[in-house]
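Presented below, as structure tokens, is a lone chain in the form predicted on its own.
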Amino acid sequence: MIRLERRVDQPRWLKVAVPAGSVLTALLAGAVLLSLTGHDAMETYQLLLERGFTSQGAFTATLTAATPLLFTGLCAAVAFRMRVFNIGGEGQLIMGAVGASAAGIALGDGPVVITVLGMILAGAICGAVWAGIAGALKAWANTNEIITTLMLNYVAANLATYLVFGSKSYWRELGGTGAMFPQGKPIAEGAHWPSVDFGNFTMGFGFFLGSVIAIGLFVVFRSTRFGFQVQVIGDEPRAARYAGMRTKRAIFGLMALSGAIAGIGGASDVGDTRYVLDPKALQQAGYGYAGIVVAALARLNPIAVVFVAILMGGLSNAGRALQGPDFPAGLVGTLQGLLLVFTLGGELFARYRIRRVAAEHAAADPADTPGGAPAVTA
């Protein structure tokens, strides 16, 4: 008989081997699919590598595509660490874009530093408030946060659409062509976020800010009292309450933090890329749901989210650049799906180990396993 037994401690090498093995296995599975459909796998992968990372200007475009995924990935990773499932990263990002665009329009003629800080603060507040609604309902009304955050995505999308296309609001351009064809009011040129030129590529301020936030979150969760509370509440909520931890406040605070990060992502979208509130483009991009995939692939590690976001951004960038009759239409989406499937499958071997047991012991109480952890028998 074979038994899956929960690991009490995970070896350090396993934390690196599982993600690396999952990526390699996904690429191998993708190569098999390409071969079965009559495409050269090596040539296709080489094209993806060139258009996503190595050709002229490719890495700059990849970092641009990776920036919103970085913020929504961090948003999901933060909440999921406490087993609070924030599925509302998309709505929180949209609300952050609403707040940041208003700040950019209002402060566009001022100093760049004040304008950028104002946009970041406005985006963070709007995202935090939007996520805080679901957090408060979860903490004090025991409402399922998956449902509330998911529904709030649609509310945020419809609200942003109304502001630009359904009303004469502050966010809508009312002069020129905007009087005939509804469109968002662009922020002033002085509100555009700066970028840093490294010679071979250019990094936008949004990606740099997201990387700094990722490092800060890593330190917070690893070395602070709040990070310890998040871990304890996520693993053993009853023990946390017994120890006197204020679990309701922690849930609300973590959801607000998660939403604030997504909101800053919305601010980055306005200040770094579009320079206008564009509800339709934000909805079609699906950044919030892609961020959940990024967080899962990174195993909720904030530092790993940065690199996974670059990988996913490179795939998306290459897919857009290579669109045509000679390129497999669904390859990028298929690869992203395979990465997620094999990563989640790899988690099984990271959390459990396979043991052979005698038949007479297979029916024993699961509590008899080492550490008292439950085991699954096959």
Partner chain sequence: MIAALTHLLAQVPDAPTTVLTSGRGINDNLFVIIAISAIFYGTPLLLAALGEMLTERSGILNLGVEGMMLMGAVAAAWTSIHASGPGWSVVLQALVASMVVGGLTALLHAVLVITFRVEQIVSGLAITILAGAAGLSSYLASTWELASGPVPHRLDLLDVGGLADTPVVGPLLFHQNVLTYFSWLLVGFLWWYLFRSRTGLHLRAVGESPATADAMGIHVNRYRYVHTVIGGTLAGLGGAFFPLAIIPLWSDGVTGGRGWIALALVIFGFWRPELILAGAYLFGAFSSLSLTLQARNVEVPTQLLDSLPYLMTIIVLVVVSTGWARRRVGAPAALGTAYEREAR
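Numbering follows the first chain given and starts at 1. None of the values given here were measured: they were computed from a predicted structure. Take the two forms, find the largest set of C-alpha atoms that superpose within 1.5 Å, and that set is the rigid core.
The same protein also has a form predicted together with its partner chain, omitted here; what follows describes it.
Student: Taking its partner chain in the predicted complex, would L33, G333 and L344 all count as contacting it (heavy atom within 4.5 Å)?
Tutor: Heavy-atom distance to its partner chain in the predicted complex: all three under 4.5 Å.
Student: If we define contact as a non-hydrogen atom of the residue within 4.5 angstroms of the partner, is A141 a contact of its partner chain in the predicted complex?
Tutor: A141 belongs to the contact set for its partner chain.
Student: Answer with yes or no whether Y154 is in contact with its partner chain in the predicted complex, where contact means some heavy atom within 4.5 Å.
Tutor: Answer yes; at least one heavy atom of Y154 falls within 4.5 Å of its partner chain in the predicted complex.
Student: Any of the heavy atoms of L107 lying within 4.5 Å of its partner chain in the predicted complex?
Tutor: So L107 does not count as contacting its partner chain.
Student: Using a 4.5 angstroms cut-off on non-hydrogen atoms, would N158 count as touching its partner chain in the predicted complex?
Tutor: Because a heavy atom of N158 falls inside 4.5 Å of its partner chain in the predicted complex, the answer is yes.
Student: Using a 4.5 Å heavy atom cut-off, which residue among T273, Q229, T202, T148 comes into contact with its partner chain in the predicted complex?
Tutor: Only one option qualifies, and that one is T148.
Student: Quick one: from L338, A321, A58, L47, grab the residue that has a heavy atom within 4.5 Å of its partner chain in the predicted complex.
Tutor: By the 4.5 Å heavy-atom cutoff, the listed residue in contact is L338.
Student: Just one of 66 to 74, 49 to 57, 345 to 353, 313 to 321 has residues with a heavy atom within 4.5 Å of its partner chain in the predicted complex, so point it out.
Tutor: Contact criterion met by 345 to 353 only.
Student: So with the core overlaid, does the Cα of T44 end up 2 Å or more away between the shown form and the other one?
Tutor: Yes, the C-alpha moves 2 Å or more.
Student: Rigid core aligned, does the Cα position of A350 differ by 2 Å or more between the shown form and the other one?
Tutor: Yes, its C-alpha moves 2 Å or more.
Student: So the Cα-Cα distance between R7 and V220 shifts by 3 Å or more in the predicted complex; is it shorter or longer than what we see here?
Tutor: Compared with the shown chain, R7-V220 is farther in the predicted complex.
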